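Heads up, the chain below is alone and in the form predicted alone; it's given as C-alpha cells.
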C-alpha cells in the first residue's frame, strides 16, 4: 500500500545521551553505516510507493552523523524510490557537533526543514545531560544554518534538569528566540527505561512535578509574547511553521517507518521494527499491535487531543479508518460532553470542535483515562 508520511530512523550517534531511551548505536564504524544504507536501499526498492508522499522525516539517532558522501547516497535513494508531493515537508534532525558546511551543502537542496538538538544553552546542563555538544558549537550551528538560508529551523530544548530554575529556563528560551528559529519543542526531562539516568537514578534528583508544570506554563506565556503559539503539548511555532509530519500523525494519517525501532501505521494496525540493528538487518519480524478498529479509532482520537486545535469535524472525517468505520461526529461530541461534565475546566466542546483547554493539555493523561472509561 501507499503511505502518506514516511519516517526513516538513522540509528547512529556520536555517543548516547544520558536521558535518551531511543534506539541508536554509538560511534559506529563506516562499514556499519554502509550496511544500514544497503539494507535501507533494498527496502525502498521493493516498497512500490506510487502516491506522492506528503512528509518525509529523517530522524534518529543523529542523521547528521553520516558523512557528506553517505548523506548524498541517502538523498539519492530517497529521490529514486519515494515520490514527493509538490511542497512536501522534508525534515532532518541534526546535532551541533556534526553540523558543518560540507554536510549542509548536501542537505540544503534536499531538506526544507532542519531540527537541531540543542537541549540546553548551558555547558553545565549539557554535561549533566551527557550531550556531546557545547554552547559554542550550538551557536556556530545556528549561525551556519542562517548562512545557508534555512528558513524553517527548529530546535529541541529540555527543562526540569536538576539544578535548573525557572529563571535559568527563561534564559534558555530567550536565547532560543533570538536565534531566528521558527519552531521549538520543549520537553520535560524524563528518566527513560534503559537510559544512563535510569541506571544511576539513586544519585539523580529530578525536578518536582509541580515545578516542571510551572515551567510548562511559563514556556507558553513567554513564547506567546515572542510570536510562538503552542500547537501541541510540547511544541510551539511561528505561524505556518508547525511540523506537518507530526500533525498528520497525531490526526490519524498513515505512515511508514523504516529502520530499527521505527513504527508504522497503515490506518488500522501499528507495528514496530526490532530495536536492534542486527535484527533489522536480518529481517526479523516486527512487533505488531493489532486491536479492534473501534479501539484504534478511540486511540487516534485521544492522541489528537494533545494538539491545541484538537478535533474538528473535517479532521475526523479525513481519518482513513473513520472512512471505513463511519462513526458519526455527533457521537464523539456526545462522548466529549460526558467527559466535560467530569472535568469542566479541562475540555471545550462545540458542535464543530472538541479540544482541551490549556489546563487540559497539562492534564492530558486525565482526559485520556476518562475517555476510556
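Numbering follows the first chain given and starts at 1. Computed from a predicted model, the values in this text were never measured in an experiment.
One more form of this protein exists, namely the form predicted together with a small molecule; it is left out here, but the text below deals with it.
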item: The small molecule in the model of the complex: contacted by all of 248, 311 and 357, heavy atom 4.5 Å; value: no
item: Residue 172, heavy atom within 4.5 angstroms of the small molecule in the model of the complex; value: no
item: Any non-hydrogen atom of residue 93 within 4.5 angstroms of the small molecule in the model of the complex; value: yes
item: Non-hydrogen atom contact residue 111 with the small molecule in the model of the complex at 4.5 angstroms; value: no
item: Heavy atom of residue 106 within 4.5 Å of the small molecule in the model of the complex; value: no
item: Residue (of 222, 81, 187, 271) lying close to the small molecule in the model of the complex, criterion heavy atoms within 4.5 Å; value: 187
item: Proximity to the small molecule in the model of the complex (heavy atom, within 4.5 Å), stretch among 81 to 89, 262 to 270, 67 to 75, 153 to 161; value: 153 to 161
